[in-house]
Every structure is written in structure tokens, then in C-alpha cells.
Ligand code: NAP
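Presented below, as C-alpha cells, is a lone chain in the form predicted on its own.
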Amino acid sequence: MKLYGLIGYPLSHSFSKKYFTEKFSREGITGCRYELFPLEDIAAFPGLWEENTDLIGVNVTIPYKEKVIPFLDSASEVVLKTGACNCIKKIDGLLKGFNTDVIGFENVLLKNLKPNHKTALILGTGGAAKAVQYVLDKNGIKYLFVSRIPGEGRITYSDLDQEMIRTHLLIINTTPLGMYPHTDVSPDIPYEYLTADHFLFDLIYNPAKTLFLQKGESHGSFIQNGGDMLVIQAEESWRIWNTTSNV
């Protein structure tokens, strides 16, 4: 039995086990199972592999996309450039890290991007934000990071005013704000300045329409959740895990 799974904490919001279990059934894939591994501390990560010798690969979610990197034996070029890893494969007993968030986000973004979406606000500075940054850099889209904490290369939510919203028509939420079960919160931006020209992309997929997206929709903005991105990155993880080469 080949074992795959998801690490993070908490994992009550995850769709991964349901997705892969249904995939195995739908596609007639036998001898495989996918489990959730909630780790309260990343220090438990090595023990996970020792206790589950049939573990082939794992996905990585909040809050470990950056913290897991020191435990890897090697990493893809994208992981090295972004400093974030959300997919790990065991190859000849060694752990190699990948980032499938990048391909998922890029595919969905470019499908919906309009010519006027040339400048972006990235809400949050964690591992998912780094995948977003990588894609925006690759596609020549200028951006600013927005964080609760002041720092180099970022602004704070209190810096956002009408002019800032007017000149940044692409707004991407990479924070967990609004994720189930805390669906009554949203990033603290001045939503009253949103227009029909704005594109709001929320990497959250549960609920399908976060309060962030609801507020954008009420102003006529185009909205996109993380559901499509998640499916793409899950399928890319499956491809990586089942590629016989060193990927």
C-alpha cells in the first residue's frame, strides 16, 4: 500500500483527503491511500517518515511551507527561488521538495487576467505569498506586499487608501483570513474603493466565496477563489509523486 498525505496544523479545513480518495476511486487507482497528518510542531516531521515507512509523498500547508525546507535533502529550483515548499517526494530514501502552488496559481491567474491588471497588492507574506510573488515576477506584474507588521518591501493595511486601491487593480489574498470556520472575517482593506475593474483572487477555497470575495463582488469586481488552483496543484503533486525519474 502506497501512502500519501498532507501535513499542516490544523487540518480541519482540508479538502485533500477527500479529493485524492475520490480520485483513486474514480480512476480505478488501487493500492494507494491518502491521509491527514496534523503536526502541532514541525519538529515532529522526521518522525512522521520513520513511523510510516510506506509514505511516498506529502503535500504541505499552513504553517509549514517555509519551516519544512531545512528538513529536505534537496529542492527544486522553484522552491529555492521562492523559499516555499508545498509538495515533498521521497526518492531513494531522500526527501526532495517542490512547489506546485506556482503552477496552480499561474494557470488560473492568466486565464482570468485582463490587460489593465498590471499592478497588484499581495495580502500576506507567508509561503503562499512567495509563490504568488514568483508568478507575478515571471509575468511582469508589479506588486506590493501588504502586512500587519511594517517591514522592508512591504506596506501595512493602514497605508491602503483610495489612491492605492485605484492604482492596484489586482488584489490577492494569501492569508487564512476568512477560512472555515472563521468565515466572518476578511483582510482589512478599504473595500469601498473597489470597482468593476478590480480582480480579487482569494487563495482560500473553503468557503467557496469568502467575505473578501463577497465584498469585492458587491462592488462589481471579478472574483476568483482557490478551488481551481487547488485542483491543479493536487494533480501536479500526483504527477511528481508518480514520475519515475528524479523529476
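The structure displayed is predicted, hence computed values, not measured ones. Position 1 is the first residue in the sequence shown; the rest follow in order.
One more form of this protein should be noted, the form predicted in complex with the ligand, which is absent from this view; the next part is about it.
Contact annotation: of the candidates Leu177, Ile165, Leu113, Ile91, the single residue with a non-hydrogen atom within 4.5 angstroms of the ligand in the model of the complex is Leu177. Using a 4.5 Å cutoff between non-hydrogen atoms, Gly83 does not count as a contact of the ligand in the model of the complex. At least one heavy atom of Leu203 is located within 4.5 Å of the ligand in the model of the complex. Interface membership of Ile62, defined by any non-hydrogen atom within 4.5 Å of the ligand in the model of the complex, is confirmed.
Within this chain, Arg154 lines the site of the ligand in the model of the complex, having a heavy atom no more than 4.5 Å away. None of 113-121, 69-77, 133-141, 146-154 except one has non-hydrogen atoms within 4.5 angstroms of the ligand in the model of the complex; the exception is 146-154. The candidate spot formed by Leu109, Gly216 and Gly220 lies out of contact with the ligand in the model of the complex, as no residue has a heavy atom within 4.5 Å of it. Counting a residue when any of its non-hydrogen atoms is within 4.5 Å of the ligand in the model of the complex, the hits in 109-137 run Gly124, Thr125, Gly126, Gly127, Ala128, Ala129.
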